[in-house]
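Coming up is one lone chain in structure tokens, specifically the form predicted on its own.
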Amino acid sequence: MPIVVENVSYRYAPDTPLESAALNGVSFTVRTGEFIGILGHTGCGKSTLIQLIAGVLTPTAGRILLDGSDISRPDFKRDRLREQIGIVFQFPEQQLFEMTVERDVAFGPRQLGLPPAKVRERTRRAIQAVGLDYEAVRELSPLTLSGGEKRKAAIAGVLAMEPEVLILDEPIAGLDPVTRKDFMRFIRQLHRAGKTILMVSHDIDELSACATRLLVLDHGELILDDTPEKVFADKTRLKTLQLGVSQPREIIDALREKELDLPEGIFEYEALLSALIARFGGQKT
């Protein structure tokens, strides 16, 4: 299910003294099964972009096509959009509102008018998919869960809609290192299972390890669209954009400056470890 973003622009408060441009002429295509990371400094248009793709906002100019259909057209079926594209906003646990985890996760499917048995089936499957024990949490208040569990429960509510595309806005912001690692392992599992993922994050290391493609925005314009290898190759430009580079890249560059014979272009911890083992010997554990 391709998504085509075609020359899209968006302006806040148009035709007023407060008018400002959030996006200018952005174009790209999301192909089925991709894991796309979206990077850029604060205020560059990342969140606006994903809200446009999810249909939360309507482009000021340009259009967004879902399987060839313009999602902004009056005759486009909005139920189709909600079923095919799921969006998880930053700090989604703050949006949990029902009395129990089960009722919260079931809210979306109930709005689709599904039979009760189908709603229960989707709810159970979604809760289990995020790694929570259905029987253990179904009757609990969402407020009693840990931070990581709350975030998983909120995502389960999106997964219960069974979207083909999952959009995540800073999903690991505010999580401790252990919970962050566990959460990203879960997101990678969803991708391997066939979900198309779009993820906004300031965490260069996580995106470089997970994404198959990176989009870099600057002042509302798409300035880079390539594989992580090619995007991270231009260290100077990334620093100019106030993005920096991954820690493995910094480490390998520092070691190369000491005239150690190590390969260029490394930006993942796994690749860094393999390079160090190959250079100095030893066994990977």
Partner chain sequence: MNSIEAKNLSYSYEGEGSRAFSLADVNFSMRPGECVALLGQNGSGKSTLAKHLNALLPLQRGTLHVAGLDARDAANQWEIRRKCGMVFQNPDNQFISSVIEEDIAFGLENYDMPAERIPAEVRKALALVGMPGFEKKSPHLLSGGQKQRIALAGVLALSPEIIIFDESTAMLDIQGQQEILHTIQRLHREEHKSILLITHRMEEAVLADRVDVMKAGKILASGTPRRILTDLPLLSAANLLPPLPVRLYEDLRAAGIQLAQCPLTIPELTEQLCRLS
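Positions refer to the first chain, counted from 1. If you're wondering where the values come from, they're calculated on a predicted model, not measured in any experiment.
What comes next is about the form predicted in complex with its partner chain, which is not displayed.
**Student:** Go through 29, 32, 247, 58 and name the one with a heavy atom inside 4.5 Å of its partner chain in the model of the complex.
**Tutor:** Comparing distances to its partner chain in the model of the complex, the residue within 4.5 Å is 247.
**Student:** Only one of these stretches, 207-215, 105-113, 155-163, 141-149, has heavy atoms within 4.5 Å of its partner chain in the model of the complex; which one is it?
**Tutor:** Selected stretch: 141-149.
**Student:** I'd like to know if residue 251 sits close to its partner chain in the model of the complex, meaning any non-hydrogen atom pair within 4.5 angstroms.
**Tutor:** Residue-level check for residue 251: yes, a contact with its partner chain.
**Student:** Any chance residue 202 has a heavy atom within 4.5 Å of its partner chain in the model of the complex?
**Tutor:** Yes.
**Student:** Quick one: does residue 181 come within 4.5 Å of its partner chain in the model of the complex, counting heavy atoms only?
**Tutor:** Result yes; residue 181 sits at the interface with its partner chain in the model of the complex.
**Student:** May I ask you to check whether residue 255 falls inside a 4.5 Å heavy atom distance of its partner chain in the model of the complex?
**Tutor:** Output for residue 255 is yes: heavy atoms within 4.5 Å of its partner chain.
**Student:** Can you confirm whether 242, 270 and 277, the three residues that make up this candidate site, all sit within 4.5 Å of its partner chain in the model of the complex, judged by heavy atoms?
**Tutor:** Yes.
**Student:** Going by its partner chain in the model of the complex, which residues of 89-106 come within 4.5 Å of it through any heavy atom?
**Tutor:** Residues within 4.5 Å: 90, 91, 94.
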